[in-house]
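You are given structure tokens for the same protein chain in two forms, set apart as structure 1 and structure 2.
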Structure 1
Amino acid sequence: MIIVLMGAPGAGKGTQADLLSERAGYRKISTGDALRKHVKLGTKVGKLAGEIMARGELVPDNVLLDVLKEEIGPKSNDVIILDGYPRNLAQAETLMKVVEADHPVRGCVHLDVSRSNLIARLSGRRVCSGCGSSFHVSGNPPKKDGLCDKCGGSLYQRPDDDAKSISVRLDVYDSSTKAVLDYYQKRGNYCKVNGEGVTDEIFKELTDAISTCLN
């Protein structure tokens, strides 16, 4: 079964998906993480996607479908939390046509965060090169400057977390991705969670939403 986690860049999808995986045993799939892995390894997909991602634009749908299939794998009973897909209506349709047979799509939970908050979160974000944990220069600084609390790895700023790419990503979200929220709303399996506040409280609201409104 698939639960789609939606929200603008910086809404906290990655953080909450990690918690769902640690605490609820869900399998997390992040298309952004998968693409960054391809870029790091210098694969064909990575070579094609790297510059597009750095600009903050969407990587072509056909590439994403291959990446998604590779990540999802064969039919299973796993509860999959999907972070970063679908990002436009065509991808939402593809998910129904291509993946639904093996992995029924239960619905979508939307982490809602205001634009000003998103910009503040993204521009101060630092990510661990070892384990992928996220920190924030002022909101959630690491104990030791530049180093991850969890694994000691060095922290870096994602190339698409600069002011210009942040603005492109938020515009792409408004022009392409928001329509996906209506898509799930019309199907009757959509719920919205306030994504602002304390991480643990958001997590509680999120799990409540998954057990009540998606059931």
Structure 2
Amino acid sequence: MIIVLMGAPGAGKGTQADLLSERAGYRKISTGDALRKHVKLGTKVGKLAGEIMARGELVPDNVLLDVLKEEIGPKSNDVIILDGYPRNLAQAETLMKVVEADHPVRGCVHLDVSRSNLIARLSGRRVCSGCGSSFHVSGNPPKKDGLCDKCGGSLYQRPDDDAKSISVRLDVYDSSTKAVLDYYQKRGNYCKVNGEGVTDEIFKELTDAISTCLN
């Protein structure tokens, strides 16, 4: 069973997906992580995606879907938290057709965060150059300034985390994902969760929303 976790950049999807995996035992699949893994392993689809990314192009929907199918795997009783997919209406519709038989999409949970809060979160984000872990200069600072708590790698600010770039990214997100949210609302399996506040409180609301979708 699949739960689609939606939210704008900076909404905290990655953090909450990790907690859902660690505490609730759900299986997390991030399309970004999956892409990087397959490229690194040199799988057939990974080689194709790597060639596309090396040219500076966006990975097309059909290749992204192939990566996703590899990660989802055969039919199982797992509850899968899907982070980062679908990003547009075409992907949402294709996902339903391709995996519905073995992995029905039981719900879409939307982490809702105000634009001003998203900008504040993203502009203060720092990412580990080694393992990719995220920190925040005020909300979740590393124990040692500039160094990752997990692997000791150096932290950096992503080029697209400056205020101007953030605003553009949020505009793109809004324009591409509104149709996705509408799609799940019309299907009757959409739920919105307040993504602002204490991490554990957000986690509690998320688990309650997911339980409702699954039952």
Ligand code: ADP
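FYI, numbering is relative to structure 1, first residue = 1. None of the values given here were measured: they were computed from a predicted structure. Rigid core: the largest C-alpha set superposing within 1.5 Å between the two forms.
Engineer: Any idea which of the pair is the form predicted together with the named molecule?
Structural biologist: It is the first structure that is the form predicted together with the named molecule.
Engineer: C-alpha of L147: shift of 2 angstroms or more between structures 1 and 2, rigid core aligned?
Structural biologist: Passes the 2 Å threshold, so yes.
Engineer: Does Q157 show a Cα shift reaching 2 Å between structures 1 and 2 after rigid-core superposition?
Structural biologist: Comparing the forms between structures 1 and 2, which are aligned on their rigid core, Q157 does shift its C-alpha by 2 Å or more.
Engineer: Would you tell me if L181 moves between structures 1 and 2 by 2 Å or more at its C-alpha, with the rigid core held superposed?
Structural biologist: Superposed on the core, L181 moves its C-alpha less than 2 Å between structures 1 and 2.
Engineer: On a rigid core superposition, how far has the CA of R36 moved between structures 1 and 2, in Å, if you could check?
Structural biologist: Residue shift at the C-alpha: 3.4 Å.
Engineer: Quick one: CA shift at S129 between structures 1 and 2, core fit, Å?
Structural biologist: Spelling it out: core superposed, C-alpha of S129 shifted, distance 4.7 Å.
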